[in-house]
Every structure is written in structure tokens, then in C-alpha cells.
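One chain follows as C-alpha cells, the form predicted alone.
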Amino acid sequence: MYIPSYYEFCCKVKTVAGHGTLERIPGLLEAMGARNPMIITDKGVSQAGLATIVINAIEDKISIGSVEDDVPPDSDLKVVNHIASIYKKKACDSIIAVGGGSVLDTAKGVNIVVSEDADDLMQFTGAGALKRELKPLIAVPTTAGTGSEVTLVAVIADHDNNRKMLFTSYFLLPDAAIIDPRMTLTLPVHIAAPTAMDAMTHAIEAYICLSKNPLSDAHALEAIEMISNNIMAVMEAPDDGDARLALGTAATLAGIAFSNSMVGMIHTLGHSVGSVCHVPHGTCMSILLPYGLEYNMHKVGDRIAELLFPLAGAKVYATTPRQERAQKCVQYTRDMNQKLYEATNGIHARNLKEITDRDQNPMVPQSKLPEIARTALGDGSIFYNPEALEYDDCLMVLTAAWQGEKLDQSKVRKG
């Protein structure tokens, strides 16, 4: 077992998980001294009736200062500043974030602005910019994937400059996370699939990358097993509340893991595909996962081999020769993507070439790969990957992922 000579681990988010946990929100707010929360969500969550479920669960016990559902699919700097101004006008004293990663990140950004009594989130870029506790924030995830409800990170897009800004601070950790399967029951399987694979990637990279530690490992391994055991159950029976709860719990576990150990090249490349081509993050993660494992095989093959146990189970692990376990783990992730492709009638993309928009137009033209590779070099997660990455390496991996071919190991950097 790998035990680093020094590591830090922190998760101070109170997690309330299970059936019927939304009704616990008023008590949590009361304990924080909050009485006039703002609900931040998006149009999709509102139209699906999920915001109404939250409101109905709490409105008879607490007043709601405002409900803002203008969060775009990709968090936006201008939206953060706008919602913050409404928060102040309505004299709100806390935030309930109901949504996926973009909503939770937006809520964290809003919380920075209102807690610092500022007008512009850009005043707080850079390490160490936040120096005190923020307003109470309760996170209610509606996708089982991002883990943002327990992470110290917020990613906010500056669309005017075509970049994504990373805010990192322990002060960004929500005060509480509510994991209630009612919030994901209506999530279509073609969205549930990539979000679950997003959580899977969080857990796997947390386990194989440079800042891993025994505590993050424990969370990562449990998350991987729960996702592997329940993802197809949700595909086959979308109304399975127990399986939905399991995926939600796994996403939270994975969030705790990678928030304490960081991620690597899968996120490095995935962030850049998302930034340049506006592809949903979970889709990028599911496609790039086997390529990240292949690229790092020569450095951390022993760790990858260990993942076969939670992924495929004790029998497969025991009957697979030791020297073949790492490669079988990679194949297992590819097979999982194939199963999800079939379960979603071809909507779940298996390679970058297959990603299309609503009008079936390709979202990642091959001509964009060089730009994506250059963008990746500026992503902070690149420093935690077991093997170094330069432009040619990024382009090589992206090209293989675009074509849907296995990585040519003779071309992998062996630093």
C-alpha cells in the first residue's frame, strides 16, 4: 500500500443522504442562523419540477427570499455577478443550490461576491484571495456526477475571453449536502450515464494520480464499486430509487476523494474539450477515461490493476492473471461505455467523433484538436498526472480518442 510521507485530508461538509432528506433543510438553516435563503437553480431543473419539490418540502417552515433559475448550462461570470446583486436587494442570508455542477459552481461564486460585499467575482481570483467564512450554503445536487456538493472548487466560465476560471478554497465547501434520490429520478438515462462516468473518473483519477493518500483512496474505492454495481441498474430501471441513491452517494464519495487528492490528464484534456467545443463535462470524462489509464499505465500500472477489484468484482479480479489486470481494467471501462451506448440507443458517445449537438452536428471537429491540445497545457490538473504531458502528447491522446482507437503504447512518453 502506498502511504505518502505527508498528506492533508479535509471534508467538513455535513452530508444528509437518504429518502426524504429535503425536509431536513429548514432545520439545517435554522442551526446556521439563516432565515431567508435564496434558491439558485437553472431552467432545466425548474421545468423538470425539481425546484418545486424542494420548495414544497421547506416553504411551510421557512421563508424563501428569492428563486433564481437563470444559470446557464456552463457557469457564467456575468450571471454570478447578476444573481449576487439580486441576493443583496432581497436581503437574503443564505443559499440553497439546486442543480448540477454549473448551478453549484455558480452558487459558490455568488457566495463569494455576497459574503465579501463585492460587485465582481473577478476581484477574488488567485490563490489565497478568500480569507474568511462565507454565507451558509446548502447544496442539493440533481445529477449524480460532479461531486461539487463536497468540493472546495468552483469553475466559472468567462465567455467573453473564452476561458474557465478555477476558484479553490476551503471556504468554498458547502455547509451541507443533501443527497435525496427524488432529485435524480427524472434525470434521463442518456444524462445519467455520463454524469455517473464523471463521478467514476473523479474516483479513478483520485486513486492513481500523484496526490493520492490512504483516506482519499478509501472514498475512491467505495465510489468506484458503488457506481459499477448500480449504473446499469439505473439504465434498466430509471425509477429505481435505491440505485439512484447509490449513484448519488458514490458521486459524493468521489467528490470527497478528488477534492483531497486532485485529478490528472483526463480532466486536463476534458476541461479543454469542454472549453473549446462546449461539450458537457461528463461526456468528455467517459470518453477520455480509458485513454488516461492507458497513457499512465507504465507509471502506475499496479494502481490501475488494483481498480479491477471494485470495477469488476472479486471473481473477475481473482481469475485474471496479475500481469493482465491493469489492461483488463482499461477494457472494462471501454466495455462500460459500450453498454451505456447501447442502453441509451446510441446517444452516449464512445469517442470524440460521435459527440453531436441536438441537430446531430459534430461538436468536436478533428480540426479543433490542436487548439484543444494547446488549451490543455494551461490546465492546473496537468501537474498531478503521473506522467508528464506536452503538446504532442495531448494531441496524440486526443487523436486516438477522436478516432475511437486504442492508444499506441510505443508513442506514449516514458519520462
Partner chain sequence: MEHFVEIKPGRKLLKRIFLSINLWFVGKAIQAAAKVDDEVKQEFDALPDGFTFSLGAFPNGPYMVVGKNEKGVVKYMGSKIDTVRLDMKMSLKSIECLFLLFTFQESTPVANSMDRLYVDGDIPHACSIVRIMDIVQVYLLPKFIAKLAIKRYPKWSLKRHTWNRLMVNLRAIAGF
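Positions refer to the first chain, counted from 1. These numbers come from a predicted model, not from an experiment.
There is also a form predicted together with its partner chain; it is not shown, and the following applies to it.
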Check your understanding: Just to confirm, residue 237 within 4.5 Å of its partner chain in the predicted bound form by heavy atoms?
Key -> no
Review point. So, in the predicted bound form, is residue 299 in contact with its partner chain at a 4.5 angstroms heavy atom limit?
Key: yes
**Study point:** Heavy atom of residue 386 within 4.5 Å of its partner chain in the predicted bound form
**Key:** yes
Practice item. Tell me, yes or no, whether residue 8 is in contact with its partner chain in the predicted bound form, where a contact means a heavy atom of each within 4.5 Å. Key: yes
**Study point:** One stretch from 359 to 367, 54 to 62, 41 to 49, 378 to 386 that, in the predicted bound form, holds residues within 4.5 Å of its partner chain by heavy atom
**Key:** 378 to 386
Exercise for review: Answer with one of 232, 122, 86, 210: the residue that has a non-hydrogen atom within 4.5 Å of its partner chain in the predicted bound form.
Suggested key: 210
Study note, to complete from the structure: Residues in 393 to 413 that come within 4.5 Å of its partner chain in the predicted bound form by at least one heavy atom, in order, are 393, 413
